[in-house]
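Let's start with one chain on its own, the form predicted on its own, as structure tokens.
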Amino acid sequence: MIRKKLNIAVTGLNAIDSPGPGVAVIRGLLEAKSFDTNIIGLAYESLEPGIYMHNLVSKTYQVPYPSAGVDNLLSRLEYIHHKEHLDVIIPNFDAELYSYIKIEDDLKAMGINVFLPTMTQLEERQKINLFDFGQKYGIRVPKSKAIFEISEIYDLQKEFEMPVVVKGKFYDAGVASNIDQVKSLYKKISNKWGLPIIIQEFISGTEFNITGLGDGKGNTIAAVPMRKQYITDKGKAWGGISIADQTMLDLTYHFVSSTKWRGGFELELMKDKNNEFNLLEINPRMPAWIYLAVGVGQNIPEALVQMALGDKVTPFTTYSIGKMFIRYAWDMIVDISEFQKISTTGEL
């Protein structure tokens, strides 16, 4: 049987110490059994390592930052589509999803497919709204509060016990044991990601994550839980192991059926001293460790593409337990002319 060849554009090529999901997603796509793939990289910076991984990415184009607005993004994608005839785009950063959701209909009219959460789903799982989200859907979520001014920090001790977790609205987080540390993290994170800053109740315990895929109708297409084995100073999983945990799976099924989640996702969980799972974050896209799901038998990137194309997908029901991922770094040798080309022309 002749397999169809798809041109798939992928963002998140920054395979650094706090990696984007792009390279892991691409590896899953290249192992797809239902189609062949030609990968087009979409990069924001000239030093994103995925740009230069020519065994994975056939060509890369620079795209404007989300702050440049949807019109600039759409114009750039029209140019790329004219040259590459894209079938699917998989955005892999939280901050860019707003733009892609807004232009989903425009992309569809061009013949480009995406499979993303709705704007309502994206908004209600925001860190600033997560506590209310938990109340609405009956999911245990630590108490949290958004602050917009540094003066609000002094009132936190009336509502929270120290330590607390200080989070940016998109990325970055740290644990603060006193008010001075809260102020320091507030300044550091807000300077990088803006306001608000979210203050969250600190839950001590063991960290777990589960990644999956929802069909937008309440059905869970895929779900793979893992326990973090090694965590970086930025809180990123550098190693993890697939586990059997029916409670985590049931929580995931409840999340998907209640919200009718559409697309990939990651639930970040903390198991406390009472063996209760607390939902710390919902990431509205595939995580950087998504290749573990591929490795244990659930190729979520492949299934997401099939759903974006409107193909029927049979839900995964099993996965291998006790499989580990261990992330590592290596040095690529790249000719300076390639860096100059992507930097000056926006293409490589």
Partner chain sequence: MRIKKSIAISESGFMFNPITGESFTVNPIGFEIIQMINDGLESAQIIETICKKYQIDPQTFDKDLTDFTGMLDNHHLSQHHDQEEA
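Numbering follows the first chain given and starts at 1. Keep in mind it's a predicted model, so treat the numbers as computed, not measured.
The same protein also has a form predicted in complex with the partner chain, omitted here; what follows describes it.
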| query | finding |
| --- | --- |
| Contact of A173 with the partner chain in the predicted bound form (heavy atom, 4.5 Å) | no |
| Distance check, K271 to the partner chain in the predicted bound form, heavy atom within 4.5 Å | yes |
| A244 within 4.5 Å of the partner chain in the predicted bound form, heavy atoms | yes |
| The partner chain contact in the predicted bound form: K236, any heavy atom under 4.5 Å | no |
| Which of 151-159, 102-110, 122-130, 224-232 sits within 4.5 Å of the partner chain in the predicted bound form, heavy atom basis | 224-232 |
| Residue (of F208, W193, Y253, F93) lying close to the partner chain in the predicted bound form, criterion heavy atoms within 4.5 Å | F208 |
| Neighbours of the partner chain in the predicted bound form among 301-331 [non-hydrogen atom within 4.5 angstroms] | I321, G322 |
